Structures are given as structure tokens and as C-alpha cells.
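Alright, here's a single protein chain in two forms, structure 1 and structure 2, each given by itself as C-alpha cells.
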Structure 1
């Protein structure tokens, strides 16, 4: 009895000690986990900023290329009718095709579908069974015959021409309206949306808010599905135009190449029809006169009444020139530009802000210098538009969001983005939003990739981070020459070393990406001596990474990395029939056109020698690799001339 009572206090003390230690352990584990999650979140945010900065810098390059073409049109005077015809063919836009010419390109009735064709077949008017058959066929990686593609585009164009610039949707006639953001050629995301939310029907309306194409590998299949449902359910399916529903943008970001690869015989006709169909897509959608859906955003000059009156098919390239708030109409073709004065060209119109703008937390409205086009609009601009048109909130897309959606401006602007794993597997969720008669948004988030579900959070972030830093190192390598000059400006004593803070400032001064370089330094700079960086050896390491992939002289490889996208876009513009080849004459005219702007001096005989030297297979045409070779040869000759000039200067000194 006495022993039992004497043991009880001892047991209590042990239990109390155990509980105290367990509590302390739990607190330590919790603190460690919070720090661990915080570090992961910091890594994720840095990675996100890298991807987004590089993406927007690429868009800036696209707009600079457009400005380059605008400069040519302003300053180049053709010396012959041959040059005038060549430039007109290069810059003619989709909406300038005459009706008869479009009918010629859309001669689907003359195409025969062979008995051996096992894919889906379409007959018009379309029925829901046709849409179901298409979905199943695309899941099985089957391809729709070119005849049916052209027929579908022809019927879609006829339907779109009858629509206003701003579509109107009512929740009175359907249970709910589902709004989807950017899909960017990712067919699995569209399949997942239909699987989770149901197919379009009289009781289920959809609004697809632009950027259906580019970047992904199945843009054409997405277009075919959306156009099919549009024709079956014209009152329930609504499509807004995005900034990627544009021929010039498609030349750069992959959609034009995708179409030509999938339809080698009739791809040219399909592309020209799609180019024209894009011109007829509506610009905005209103739900119950209370919710405005636009792809990009608004500005302090946005006027929905003016937007309703615009001849949307007359708007050419959907990205701006110069200030980022101007668009030029090319309905009369490029040739008229030479004789038209600046005052005769079309004035600024709101379509650019609708397609390209982004919200910002600060008040006001300013030019979107990050993208190079559209504007940044603040909460006061949003309030002004909502009050003026008696709206509740805006829905827009255009920006990838980590969770697939994001509110801003006191929940009055909603960004919805439907392409999951946009930058890399595991980088972001996709989402869509459902609105009922009460117009309260209900979100559905998803990861369409099965691989993403098998990865832990750490594995996802590490995978995305690796991809982001690989892209960033390529960007750094592409600006090697400029970086050396920037580093030397900080290396006053010519020691070959600079401080890490100087390294960060120099890199930002060259790339203008707005990244936290000091935070990113451990991933980019592996070795330092006493806090100093030997920048030449660091740049050599970057070059080694790229040279391991391509056996090209480092200085020339740098030039190719920096200019490849622009050169490929230029090549595709010249290649009007999308055959992957340009003729000798087209090549000659192109070099004559660009030589003054690019500071490349070549005589007619020099151009002839160049074109013969790069035609490796002697087929009388130039493919893209041969086109790159011409650029390398000319750049190499410039380098040699510069070296010779320096040697002569050295002798005189």
C-alpha cells in the first residue's frame, strides 16, 4: 500500500517530463516545418518570376520585331515593281483577302476523302454526335481530314461574321455559365474541363476567353473542338479573341508550324482560313449585363460603346507599335503604306488594351513596359469602368497564375487561367470559374498532368526550378558580349574580378528582367574567391553548357541564341506558302530590305555569292538552317572586318 502511494508521484513526474519533452519536440518540428515550407515557397516564387520575366521579355522581342517592320514600311522606298510586290506579299494581312480569294483557298468541295480514311467525318449542319466523335478521335491521336477542317473553318467564319463585337450571355437560359481562360494548345486541359464540368449543352454555357493556340502541341485540335461546339450550340458557346489569335504571333510561338507539320499538303490553305477566322472573333462577352469578360484588360480610355462599333476584321496585327497603345489597320494591304502619310493611318483604338493589358495594385494607368504592349491599369481605372457601365466585376485571363485564378482590385478583377503545368510539369494549376444567376464565382482547380500528381511538393519545385534556371542560363549566354562590357565597367583595374553585388547590378543592366539576382546567385554562380567573381571563367562555364548541345563557335552561337526566334519569325514571314523553303529571289530581296537597318553592307554580287554558298544541297531554295548559316557567315565577316580594323589602328598607333 505504502509502496503504491510512493510510486504515484514518481510516475506523475515522469509523465510530466515526457509530455514536456514531447511538446518541445512538437514545437521544434513545427518550427522546422514552417521554415522548410517557407524556403520552398521562396524558391517557388523566385522560379515563377524567372519564367514570367523571360516570357514577357520574349513578348517584348515580338513587339520590337513588329516595330522593326513598321520602321521598314515608314522608311523603305521600293526601287522597282518587283520589290514592291515582294513587300506587299510579305506584309499582307489575313483580313485583306478578298471573298473570292478566300473561296479559292477554301475549295474543300473539290477534295476527295479516300476510302482508307478512318478518322471522324463531318456533315453540316453539325450535331452533338459529331462533337463526341471528334473528342474520341483526338483522344486516340487521330487527325481530321483537311476537307472537313476547311469546311468547318468556312462555316465558322460565316457564323462569326454575324456576331457583334461584344457577345451577350444570360444565366436565365442556362443553369450556369463556365468561363475558361488561356488553353495554349494544351488539349488535356480542355478534356479535363469537359470531363469534370460536362460538355457544352443548352443547359451549360461556356465562354472561352482567348489564347486557344500557341506554345502547346495540340492547338489545332482545340480550335476544331471549340469551333464545332460553337456551331452546334451558337447560343451557349462564346469565344473571345486573345492576343495569340493573331497570325504574326502564331509565326513566332508555334501554331503556324504545327499546322504545316500536321497538314503538309493543305496546311497553307488551312492557315490562311484560320488567319481570317481569327479576325472575326468577338472581342468581349457580357454576362447578365453585369460581368465583363475580356482577354487582357482595360485602360483609362476604354469605351465599350466604341469597342462595339469597331470593324474588328479590319484590325491587323493585334500588338502595338511604339508606345504600346496604337494599332495599325492593313485592310488595304501593305503597298498603300508607302504613299500614305502618318496622318492618314488609323488612330489608336481600344482593341490593344483589351488584348494586352494587365492590372496593377497602384492607382492610375501607364504603358505596360514589361510586355511592351497594352497598359497597366489600377483599381481606380477598374472602379471607373464598373461605375460607368453598371458592372459588378471584370473577368480576364492573359496571365498565368500559380493557383489557376487570382482576385485583385478589391475582388473586382478576376484573372482565370486554364492551362495547367504551363511553364513546366508542376508549375501551376489550371482553373475555370462557374457563375450562376447570383453571379457568385465558384472555382474548380486541377492538374491535368498525371505526372504532376505523383510528385511531392519538393520534387515539383525542384523540377520547375531546374527548368527555370536552365532557361535563365541560356538567356545569360545569349548576352555574353553585353555582359562582358558591363562587367568591365565595374572592373576598373582590369583584374578580371568583380564583387557579387556588382555582378548582380551588371546582369540586371543588361537583361532588364527585374529579378532578385542576389537571391538567385547561388544557383548561377558556383565558385567565388573572397567574395569576388572571376567573370570570364563564369561566362566560359555558361558557354560550355551551350556548346555541349551545338557544335558552333561560341561567339556565333551567342548571336544565334539571342536572335533565333526573331530570325525564325522573319523566315516564316518570307516563306509565304509555308513550305519551309524560300527562293533565291526572295532571299535576295530580303537581304536588300534588311541590310540598311541591320548595318550589313552587301552588294548584289555579294548577296548572290552568299546565296550560292549556303545552298548546301543545291536544290535552288533556302531552308531555315541555310538561312541561319547566312546570318552566321555575315556576322562572321563583320567580326573579321572589325578585327582587321583594330589591327590597322594598332599599327598607326
Structure 2
């Protein structure tokens, strides 16, 4: 345009015209951009819904399993001594040892630590140096010797036993209190928290609000670190029990497996000790008598005075079973061995409520059918409790939140969740909250994954989305037969095609996940003709993705996929010594039990076929770890590699 500061009229008109065009162009671009952002947001929320609904559906499965066991206990009369032994193993294994027996069984003093061991050596009473050594060792991926693990657990148990059910913290002794939520075995998150916030010390109090273990791969390291700090700074470090600090839950969600893999010889002892230590964890923490911290939530019957008095260690297993009703004593027809194993099966309801409840926006208090234990509590329930005990607000965890924390009930309930990238890298931030004497919460959020930082928002959402849809497709595959029936119902003329609308309705009627199927459709159904879907070929495509072995019939595969977690849990219960082996006969019995519960029609021949095709070695033992791994969802190539290497070894799978 030149250097002049004034314009000729013609130049001015051309400039004005140009600018108005440019503005119009800008508006167009903005329209498009805003639409793009809105779609991203929709995708992010849908992805979140998928993960949550699958997570809760899984928890419901566990509940069904427990209901089944409860039913068995109430109604089943074993017909042979073999059957009796088989069934009793399931229930006795859930019991805790008597204290004296436990000490003897988990004795560590005779365990020798070889000179070649280069990991940290603990001596008691513990000192801050021990903690630093442990942190450093775990950063280097070293493992603590089993002797020290057991020693630590013994000392932890001794300490926890003298603590009340509700811990008290005061902000006048240590200026700030830091509260952390679920960690779920994600050691990197704990490292980050310590890095950013500092280690526990006389001037730095911490409250860890449960769910230290399961799902993540370093649950044991987290426990060791937390227990160490607990013993070094007993006044400053406080632990609350979460619903995952429970043996039955650990069998299903990975902690038991992690321990057995890391400690092949002493893992069983370690697990038994931990089971006992979990029972002794306090249930709640009070800060300045004003802020109540519990893992799950409350109910309209929560009574802190009663909670204080409960014998918290008497809870055999704290997993809910159906309505969480108390154990009824059965008078008729029960053999004596039967009644012995039924004591304390159902935990007191107040504990269930504390560990499993979730807040809801509506008023009132109703049974938490999603989790199967505890309840949904409304803002009125919160208000009542706050008023009754003169509290300012509640802090709880238990639910994953996208930003790591979330307020509800008019900022009177705070959810804090410290496991970042919980569902997948980029899925959510973790957070911790700091409270000073003014009890005003200050939050620190993070995402402890280098990868997450280098991704753009779009990439992050895409990645998490991929993961969610993979899980969803697996679920769909696992219900192939039911889906076919549902689709056929909409295809009366047997054309092989149904409308997309019918597809959405059929899928929801089978999966019951409450997902927005029409929103998700583009990611699940790639090709349609005239808005109609050829459902048989769609299901075949799904199956192709999932199939890991050609020679197992697909219907069986479907059954196993659908019930994988239940199957695994039952197996692990049968395998009392956590050796990974059960006898062939037990395998058949387990399968029979399992199929009765799951309403699967599988003949004896079917089971034999299954075994033959897997070709277990003929020593009468089944390495069910390998059996389960074979059917676990792994990438095609990995499974092929495994199979190839085993064939070379002369064994199948």
C-alpha cells in the first residue's frame, strides 16, 4: 500500500472492500473452527462415558459372582466329600488367619538375606534415610527383599492396631495437610506428588484416602512407601481404607497377581499379611474436627459415634454382596463345617457405605445399584451430616474425575483423585489438595506421563478414544450371540440388514451400558448401504479383530471373553496357594460351577474339547495362568509369538 499515511479515495475504497472480505473470511473460519472444537468435546465426553460404563459394569459382574457364592452358601448341600472339599476351599480362603497363626505363618526372622542382595536393607525403628533409600531403589526398579517386606508389614500391623477407626489431624501442628486420592498402583503419580509437594515430614502432613492398589503395576511399591512413611512419621501420615484394600477385590483387579509375580516364593505369605493389614486400616480422618475424609461417601444412616466403636478388623471381606444384608443364621440342614465358614461373611453396612458410596445430584439416599454396595447420597444427606457433627465439608475419592478433582453438593463434597491417565494416557489429570488452618482448599493438578505432554489436545483425545473403542468392540464381540438374536428381531423379513436406528436400540438392549450409541456409531459401524447395516458381516469383522486362536471355536471364545474376569477370579479362589496350578478335576468342577452361574450351556464334551485343544501336559495339573493369558486380549502378533515359542518348547500355550 506504500508508505504514505493518507489514502486516495480509490485506494481507500479498495482497502475497505478488501477488509470486509477479510472479515467475512475470518467469520467463516471461526464458524468451522468452533464446530471442530465442539466435536472434539463431544468425542471426549463420549469416550469418558464408555470407560466409566465398562468399569462399573465390571464391578457389577463381581457382585453377581458374590451373590452366586452367597446363594451357594445358603442353599447348596454338597453330595460327596469331594464336592464338599471343593466348595469349602472357596469360602475358607476368604477368612483371615487368627492373629497367632498369622505370626507363625508369616515369620520372617528365619529368612536369610544373601550378601548378593543390593537393594535397601531396613532396620527397625525406621528412619528417614530408609525412606529415601526405598524411593531411590524403586526409581531404579529394584525390588525389596521379601524378609524386609514381611518385617515392614508386621510393624505396620502393630502400629495400625492401636489406631482408632477415625484418625484426627490438626493443622496447628503442621501448617498444611495434603490429601491425596486413589493411586491404584501408579507409582509415577506418587513420585510426582512427592517431587512437587515434598516428602512427608514433621511439618508436612499427608492423608492418603484409600485405593492404593489394583489396576496399576506398582501397587506393592506404593504400599511399601506409604507404610514406611507411616511408621517414620506416625503423627503426620494418615491412611484411610478404600474399597480396593480388600482381598477379594485384589484377586480380581490385579494386586494379588502382581505380588505373586514379583515374589514367587514368599508371595503367598506377603499376601496373607497384607490381607490382615488392610483390615486394620482406619476408616476415616477428621481434620480440625471440621473436614471429614472418607474413601467412598456416606449414607443417611452414617453415625460417626457408632463408626468409632465398630471393630473394624472383624470385617472378613468388605466386598458387598447384593443388598449387603447381614448373615442370617441357617438352622435346618446345614452341616457343621458349613456354618463354620459362614461367619462374618457380610460386613457391617456402615463400613460398606463409607467405602462404596457415591454422591448424586438428586436429594435422598438410595441403594448404589451400579457398584452393588453402599448408596447414592444426595445434598440433603450431606447437609444433615455436616450439621450433625458441625463439619465444614467432606473429602472423598472413589471416582475418577477428568480434572483430578471435582466439587458437588454446593461445594460441600470434594472428590479428589490422584491417579492421572487412569483409563489411558491423556484421559485425565490427577490432583491433590492442600488445606491450611483456614481450611481453604488449594489444588495441584498433574499428568505424570511424558507422552501426554507432547500430544496436542486432538491427539490426546484421539488416543484415549481409540482405547475406549477397542474396549467397547471387545464387549460387543463378547455378546455376539445375543446381538444376533436382537438384530434378527428387527429383521423380520430376514434380509440380513437393519436400519441404524434399530441397530442402536438392539445394542443397548443387549449391553445395558446406557451409552449414546447414535453418537458412537461412526466409530463402530464403518460401512452402511442406504443407511442399512449388514449385521452379520459387521459382527464377523468384530470377531476378526478379537480372534487370537483359530482352533478354538468362536462361540466358546465369546463365552470366555464375556466372563474372563469372573473366570479368573473363581480360578484364583480355588488356587489357595496362589501357585497358578489347579488339578484337572478341579478345573472341570470349576468350569461346571462357573457355567451354572453364568447360564452357559456347555456339555462335558465341550469342556473336554477345550482341554484337548489346549493340550495341557498330562500330569493332571492345569497352569491356568497360561490358560487365561491365552484368552486374554493381546495383540495378534504377541499371541502368535508366544504360541511359536511354546511349540518350540514342546508344549502348547
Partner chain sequence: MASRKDGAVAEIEKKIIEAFEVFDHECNKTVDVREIGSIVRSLGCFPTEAELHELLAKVEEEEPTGYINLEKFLPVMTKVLLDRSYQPIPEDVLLHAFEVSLKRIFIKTKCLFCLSGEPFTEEEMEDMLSTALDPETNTVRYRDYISMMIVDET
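Positions refer to the first chain, counted from 1. Computed from a predicted model, the values in this text were never measured in an experiment. In this text, rigid core is short for the largest set of C-alphas that superpose within 1.5 Å between two forms.
> Looking for the form predicted on its own among these two structures; is it 1 or 2?
Structure 1 is the one predicted on its own.
> Is residue 48 one of the residues whose Cα moves 2 Å or more between structures 1 and 2, with the core superposed?
No, the C-alpha position differs by under 2 Å between structures 1 and 2.
> If we fit on the core, is the Cα of residue 215 displaced 2 Å or more between structures 1 and 2?
No.
> For residue 488, does the CA position differ by 2 Å or more between structures 1 and 2 when the superposition is done on the rigid core?
Where the cores coincide, residue 488 still shows a C-alpha shift between structures 1 and 2 that is 2 Å or more.
> Can you give the CA shift of residue 26 between structures 1 and 2, in Å, with the two forms fit on their core?
For residue 26, the alpha-carbon shift amounts to 4.1 Å.
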